[in-house]
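A lone chain, given as structure tokens: the form predicted alone.
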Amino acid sequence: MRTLNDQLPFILRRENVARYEDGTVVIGDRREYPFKQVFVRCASVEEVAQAIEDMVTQGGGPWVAAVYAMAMAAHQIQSKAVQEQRDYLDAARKRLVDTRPTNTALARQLARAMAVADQALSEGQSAEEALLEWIESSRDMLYDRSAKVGRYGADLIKDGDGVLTMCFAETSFLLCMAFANEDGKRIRVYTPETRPYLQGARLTAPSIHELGIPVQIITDNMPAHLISQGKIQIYFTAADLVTLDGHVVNKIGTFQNAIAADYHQIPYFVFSLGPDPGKPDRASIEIEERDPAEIRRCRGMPTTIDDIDAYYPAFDITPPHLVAGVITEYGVLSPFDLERFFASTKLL
């Protein structure tokens, strides 16, 4: 019997995102995919943090690598006094949080990991074992929730639709595509290449191709033109962050596609497990600004001279009036109703 993991392309199968092996953290190297299927082995928290910052993994991958790093840290200092272990783990948590200032899901998962470790230490138990048990349970739950979200997304797709996405929308989006395909819906996916790391070309397109679904790579400046030609009927992305008032933070380029979609009356739907209760509005968002040198190159090759200035905000913000709905495990919600819904159901 095929499991949910079996339905996913190589890059999203849980053992290929990140895993804990012999006291180290093994991370799937998305920088090399699809040309190579290789892994980076990290033996310290700093090595994991550096791997996240260096884009070895991105999207949903960093939180998995980071919480395994917490388990590794717990293993490395298990012979120390309890308070010393707590201090070390909290320092590790802070270092890992700093790797992704915009995607607050990482910070929230690390806070949960710290609470698990604290509880284990207070009961005289192994923090490493408690963390590993919690991580596997959390990952099981996340894949199940992603499947629910993907199912709601698939039901929004009509036979013959052209689907636009942006960057690498991860598990919910890929399951959405797989479910729509299994439903017999003929779809074609258009994925912008996503400069400067080319996640759309290297991660999204090969993953969709692996599922047996027609896919075309386009450049980042083509979506409005394709929409105007009638090639696209629906726009899907993931979200690195959704605020309580419905602002969507995602890979840079998402916003401009949402404007084009809205102009042509194409609905834009966002996959999300829910808003961040600590981010009430646009003003609370911190946009990560990466080294400008990264956009003077593409896969190691210079695209201009080093003396020319550059600017690289890694994410942009799409306002709620451009969002047709936020697809959650509870259904498709209005971006304007997120706070009320999650508060009334005691999910915040």
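Start at 1 and count along the sequence shown; that's the residue number. What you are looking at is a predicted structure, and each value in this text was computed from that prediction instead of being measured.
Keep in mind the form predicted in complex with another copy of the chain is missing from the figure; the text below concerns it.
Contact annotation: residue 225 falls within 4.5 Å of another copy of the chain in the predicted complex, judged by heavy atom distances. Another copy of the chain in the predicted complex comes within 4.5 Å of a heavy atom belonging to residue 305. A residue is said to contact a partner when one of its heavy atoms sits within 4.5 Å of a partner heavy atom; residue 118 fails this definition for another copy of the chain in the predicted complex, lying far away. In the predicted complex, residue 111 stays away from another copy of the chain, with no heavy atom inside 4.5 Å. The three residues 34, 253 and 321 all sit with a heavy atom within 4.5 Å of another copy of the chain in the predicted complex. Taking a 4.5 Å heavy atom cutoff to another copy of the chain in the predicted complex, the contact residue among 145, 195, 95, 185 is 195. Note on contacts: among 78, 122, 229, 137, the single residue with a heavy atom within 4.5 Å of another copy of the chain in the predicted complex is 229. Of the candidate stretches 295 to 303, 50 to 58, 64 to 72, 22 to 30, only 295 to 303 has residues with heavy atoms within 4.5 Å of another copy of the chain in the predicted complex. Contact residues in stretch 204 to 238 (any heavy atom within 4.5 Å of another copy of the chain, taken in the predicted complex) are 205, 206, 209, 215, 216, 217, 218, 219, 220, 221, 222, 223, 224, 225, 226, 228, 229, 231.
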